[in-house]
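Heads up, the chain below is alone and in the form predicted on its own; it's given as structure tokens.
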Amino acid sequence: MTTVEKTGNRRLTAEELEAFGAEMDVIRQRIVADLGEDDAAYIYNIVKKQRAFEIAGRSLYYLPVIGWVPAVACLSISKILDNMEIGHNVMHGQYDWMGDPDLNSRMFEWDTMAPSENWKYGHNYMHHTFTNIVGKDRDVGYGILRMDEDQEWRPYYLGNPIYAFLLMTFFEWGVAMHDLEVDELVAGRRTWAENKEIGARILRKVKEQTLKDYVLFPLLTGPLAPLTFAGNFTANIIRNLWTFNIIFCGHFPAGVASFSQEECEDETQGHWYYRQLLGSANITGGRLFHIMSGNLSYQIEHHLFPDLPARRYPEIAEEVREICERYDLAYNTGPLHKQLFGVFKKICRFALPDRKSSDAAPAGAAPAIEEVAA
């Protein structure tokens, strides 16, 4: 199996895993005890800005000569904020403690084709519980791509780069369809009856989103409807491209480890933290970049503490890096261009059959991580 050896990391002993997990628990407990007004003010401010960008974007469509490009830009920012810093994080329950029904994970619905109820099961439960366990975490390849050598190669995967491009362009559709587990249907391990309720939710959400962006708002601009239609489509595509790249750079750049189902049997809390750490990667950047990524540029901290407000990840990150140093574990981080290169290299590499000898890291080889905490 791929596992940690190929990433240059080492296995921790049972005692080390217990101590490692205890240190992570201390971080979590400290942040939970400190949650309060600043966290609430932050998310309210983000929501306020997201709504302002949406109003500006939809209003600018009435000024077609000078307003179309700014309209698309404003609407794209609004959709990215709604998807990343608000939708994704609220539906993780990061702000449930506030008692605000508009920011409660059980009631929130976001501006994408994927119904929140489906997404919370596929993402919050399946992906975050079984992170990078090949055969259990359906986000490893999304049922479409081959992103790990432990996924058996088939001629179908020769199209890996094409499938990745289509998934990137229409990412919100891919996320929505992901919950249907079509690959499992084709393999006969899932029935249409099991998909009936999931599919009904997708159809309702697709109908709502389509009516809003491609019928209602275009009609409201009268003779400018075709331009508004095109602007809404463009904004959705821009959001999809951004989201795909942030998500993939957090999960598939060089040095990210995968795990077998066998090695995760009877997993302790310490091993769960260890798997989350080695199965994720960060992206470096400025404050605005982190906000626009929903702070998922701190994917390591997000996977360690998915229900803590994402705005806290930067302050946690330095402490996590210091702990990684003491346990001799790599902290996978790098600029966007470097992580992107690793992702697209992997997409192309796994399109082809495995090269049995050259890809295996020799014993004692240097870690494959691009950047290790210094």
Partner chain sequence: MALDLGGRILRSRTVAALASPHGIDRYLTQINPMLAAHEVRARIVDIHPEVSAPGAPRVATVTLQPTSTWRGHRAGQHVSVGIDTGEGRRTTRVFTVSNTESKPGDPLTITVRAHDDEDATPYSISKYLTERATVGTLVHLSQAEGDFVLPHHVPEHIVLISGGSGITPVMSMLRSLQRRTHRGKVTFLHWAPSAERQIYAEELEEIRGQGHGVDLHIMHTADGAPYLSPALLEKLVPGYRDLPTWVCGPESLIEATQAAYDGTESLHVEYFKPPRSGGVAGGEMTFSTTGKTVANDGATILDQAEAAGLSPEHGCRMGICFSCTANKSSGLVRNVLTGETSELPDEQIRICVSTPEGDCAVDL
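Everything numeric here is computed off the predicted structure, so don't read it as measured data. Positions refer to the first chain, counted from 1.
Below, we turn to the form predicted in complex with the partner chain, even though it does not appear here.
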Each of 82, 96 and 220 within 4.5 Å of the partner chain in the model of the complex, by any heavy atom, yes or no?
yes
I'd like to check something about residue 326: if you look in the model of the complex, is any of its heavy atoms closer than or equal to 4.5 Å to a heavy atom of the partner chain?
no
Just to confirm, residue 124 within 4.5 Å of the partner chain in the model of the complex by heavy atoms?
no
4.5 Å heavy atom contact, residue 30 to the partner chain in the model of the complex
no
Contact label in the model of the complex: residue 262 to the partner chain, heavy atom within 4.5 Å
no
If you check 200, 211, 186, 162 against the partner chain in the model of the complex, which one has a heavy atom within 4.5 Å?
211
May I ask you to choose, among 284, 151, 104, 245, the residue with a heavy atom within 4.5 Å of the partner chain in the model of the complex?
104
Looking at 339-347, 35-43, 317-325, 63-71, which lies within 4.5 angstroms of the partner chain in the model of the complex, counting heavy atoms?
35-43
